[in-house]
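Shown next as structure tokens: one chain only, the form predicted alone.
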Amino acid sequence: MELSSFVQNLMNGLAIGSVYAIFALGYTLVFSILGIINFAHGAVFTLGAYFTYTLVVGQFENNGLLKGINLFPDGSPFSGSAVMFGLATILGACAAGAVAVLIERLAFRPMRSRGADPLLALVSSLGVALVIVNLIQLLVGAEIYNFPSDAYGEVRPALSFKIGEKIVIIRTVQLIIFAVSLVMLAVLGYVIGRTKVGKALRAVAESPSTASLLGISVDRFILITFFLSGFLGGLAGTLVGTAFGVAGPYFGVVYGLKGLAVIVLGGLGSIPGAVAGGLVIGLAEAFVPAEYSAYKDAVAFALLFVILLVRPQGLLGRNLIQKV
């Protein structure tokens, strides 16, 4: 492979891999606290993209019950400026986090209070996901919606530079996605590792009963966990939406499956593992030759299969100690 092609594929892989990592961290946070997979996380991912799109554009012209309704007749205040688009992204992610909290109240807390089998909570979250995506389709239709070209403000659509005699072109949105992802991973790492909230979350993840005896409100920190999970999922949805468009109500399903692959590859419940798994799968997809691009999903899952054969606990997972 030529150096120019290698650099191009490397940047593509880092950009999409970092989004996988952010999205998978939402799965990881919930799993580390409750020991279950939240299948509604993919729907929250989709909602984050739609929330931000609504703030930036303000209308859905193609289909659905909201067809023709314009929230900003004089133009959206969140478009045409990188700062305002960043604010819209944060608000959209917060709205997605609020939906995730609502999901916890409706789908997880009733099961948890009754001591139900974790599998029932998993099925309940799957049902909530189906309700959400069908509600989205009812409201805005199933068409693809693209963010405005000036969503990030007056920035060049692509950057180009020469490596030898070859010209490498990198989309600006890929660099922005990678930079935002790095910042979010750093912030989350700081919150989990250095703040009182992070220490309380780790205590709840280690032993909810012990944390409760120490005066930690387990229920409150479960809500915080779901909000952080939804925030990360919604943010990832917006980042993907700006790069590839909001591809209908079900476009979070594919990323939901990728997120599951990432957390299994990295190690269930491991935050560094989710980051490593996301980057590995993103890079694996990016280096699939163009003529075989239709099979890139198969390559990623084949890599997962091979790694798990060698290391069943994942890249950075720990072997569970069985007490007898």
Partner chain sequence: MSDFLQSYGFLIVTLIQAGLLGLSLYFPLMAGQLSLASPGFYALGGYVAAIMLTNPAFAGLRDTLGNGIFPLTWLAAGLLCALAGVIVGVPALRLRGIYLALATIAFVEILRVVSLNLSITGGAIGIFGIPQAFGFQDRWQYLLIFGPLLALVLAFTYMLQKSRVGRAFRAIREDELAADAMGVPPTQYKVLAFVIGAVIAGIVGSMSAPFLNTWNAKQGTFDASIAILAFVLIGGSRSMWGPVVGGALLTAVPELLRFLQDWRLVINGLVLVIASLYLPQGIVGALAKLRKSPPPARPPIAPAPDAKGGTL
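The term rigid core refers to the most C-alpha atoms you can superpose between the two forms while keeping them within 1.5 Å. Residue numbers count along the first chain shown, from 1. Remember, it's a predicted structure, so these values are computed and weren't measured experimentally.
Absent from the display: the form predicted in complex with its partner chain. The rest refers to it.
Partner proximity in the model of the complex: Leu66 to its partner chain, non-hydrogen atom cutoff 4.5 Å: Leu66: no contact with its partner chain in the model of the complex.
Residue contact check: Ala290 to its partner chain in the model of the complex, 4.5 Å heavy atom: Output for Ala290 is no: heavy atoms all beyond 4.5 Å of its partner chain.
In the model of the complex, Asn134 touching its partner chain (heavy atom, 4.5 Å): Although its partner chain is absent here, Asn134 would touch it in the model of the complex, with heavy atoms inside 4.5 Å.
Any non-hydrogen atom of Val264 within 4.5 angstroms of its partner chain in the model of the complex: Answer yes; at least one heavy atom of Val264 falls within 4.5 Å of its partner chain in the model of the complex.
Answer range among 25-33, 45-53, 66-74, 277-285 for contact with its partner chain, defined in the model of the complex as heavy atoms within 4.5 Å: In the other structure, the partner sits against 25-33.
Single option in Leu106, Ala158, Ile90, Leu175 placed near its partner chain in the model of the complex, where near means a heavy atom within 4.5 Å: By the 4.5 Å heavy-atom cutoff, the listed residue in contact is Leu106.
Residue (of Val187, Ile167, Leu119, Val83) lying close to its partner chain in the model of the complex, criterion heavy atoms within 4.5 Å: So the residue touching its partner chain in the model of the complex, by this definition, is Leu119.
Interface residues of 230-264 toward its partner chain, as seen in the model of the complex [heavy atoms, 4.5 Å]: The stretch 230-264, when checked against its partner chain in the model of the complex, contributes Leu257, Leu260, Val264 at the 4.5 Å heavy-atom cut-off.
Leu10 C-alpha shift between this form and the one not shown of 2 Å or more, rigid core reference: The answer is no, as the C-alpha of Leu10 shifts between this form and the one not shown by less than 2 Å after core alignment.
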